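Quick setup: one chain, the form predicted alone, written in structure tokens, and binding and motion questions come after.
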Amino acid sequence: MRHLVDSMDLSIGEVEELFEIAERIMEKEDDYRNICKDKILGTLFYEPSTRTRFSFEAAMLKLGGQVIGFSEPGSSSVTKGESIADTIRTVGSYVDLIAMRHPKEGAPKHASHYSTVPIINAGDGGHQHPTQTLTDLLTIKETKGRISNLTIGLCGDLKFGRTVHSLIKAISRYENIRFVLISPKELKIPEYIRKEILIKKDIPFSEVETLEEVIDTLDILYMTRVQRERFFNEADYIRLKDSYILDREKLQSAKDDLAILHPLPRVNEISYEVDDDPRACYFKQVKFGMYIRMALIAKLLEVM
């Protein structure tokens, strides 16, 4: 039995295998409609979600399986004080696989110690979001044709952005990757990411505070929102929330083959006028997210 808690739980070979499965599903989706017949996915979302929860549910349904779970903890026995361990033991008696999102960092790891079925981390606080990372990597591969020899700009909330942390860890294993970290000083990348990954692995990176000064150098621009739910001080959120807004004017100096990604939801960090730009890949990214989760579910349930 395998769990996916951290973006580094999968080797590059295993990630590439998931890409191959996802690509096969994309080519002939009808061939895979019943491979998870009689299988049940449990979705335990202790934190709000649209894309992640819906994509897991859609992925399982398209594979012929079923889904049970909750979309917010108020509808579960969590309100009665039930522990994560007891919830996992209980739900694991009914399902074959669990996708879990939790606001507390490390909660899915904790859950994995008590689970009798595979646990997938669907996001834990500001820590990790491994299936979003798989989505991001597949999007880069499909739009750029490679996951190497790239200059990647990460823009916005780099301090609390779990998708950023997961992506840096995962993509740093590929060849000739360079990061440009674009954020206000209050939202810079955490020190452990800087020291344990970028510096330790001798990965080239630079830190700047304005997007305009570096956008012309980027192959990938990964935008993020400033997350209100991660702030303890509302005044700090209001001061920083509009730090970066991508619009047509800023894109004038960008490369013609730039790929713009965003884990979504967006607030106003990408202007709606950008949606029609051929370089905007964030809604393609949403669809790729469903296919990579289909591949992951099939692999963890050992039906492929």
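If you're wondering where the values come from, they're calculated on a predicted model, not measured in any experiment. Note that residue numbering begins at 1 and tracks the sequence as displayed.
What comes next is about the form predicted in complex with a small molecule, which does not appear here.
Peer 1: With the small molecule left out of view, choose which of Thr224, Gln128, Gln132, Ser183 has a non-hydrogen atom within 4.5 angstroms of it in the predicted complex.
Peer 2: The option sitting close enough to the partner is Gln132.
Peer 1: Have a look at Lys39, Arg51, Arg279, Lys250 for me and say which one sits with a heavy atom within 4.5 Å of the small molecule in the predicted complex.
Peer 2: Spelling it out, the residue with a heavy atom inside the cut-off is Arg51.
Peer 1: Could you tell me if Leu264 has a non-hydrogen atom within 4.5 Å of the small molecule in the predicted complex?
Peer 2: Judged by the heavy-atom cut-off of 4.5 Å, Leu264 is in contact with the small molecule in the predicted complex.
Peer 1: Please run the contact check for Arg101 against the small molecule in the predicted complex: heavy atoms, 4.5 angstroms, yes or no?
Peer 2: Arg101: contacts the small molecule in the predicted complex.
Peer 1: Counting only non-hydrogen atoms, which stretch in 270 to 278, 60 to 68, 42 to 50, 27 to 35 is within 4.5 Å of the small molecule in the predicted complex?
Peer 2: In the other structure, the partner sits against 42 to 50.
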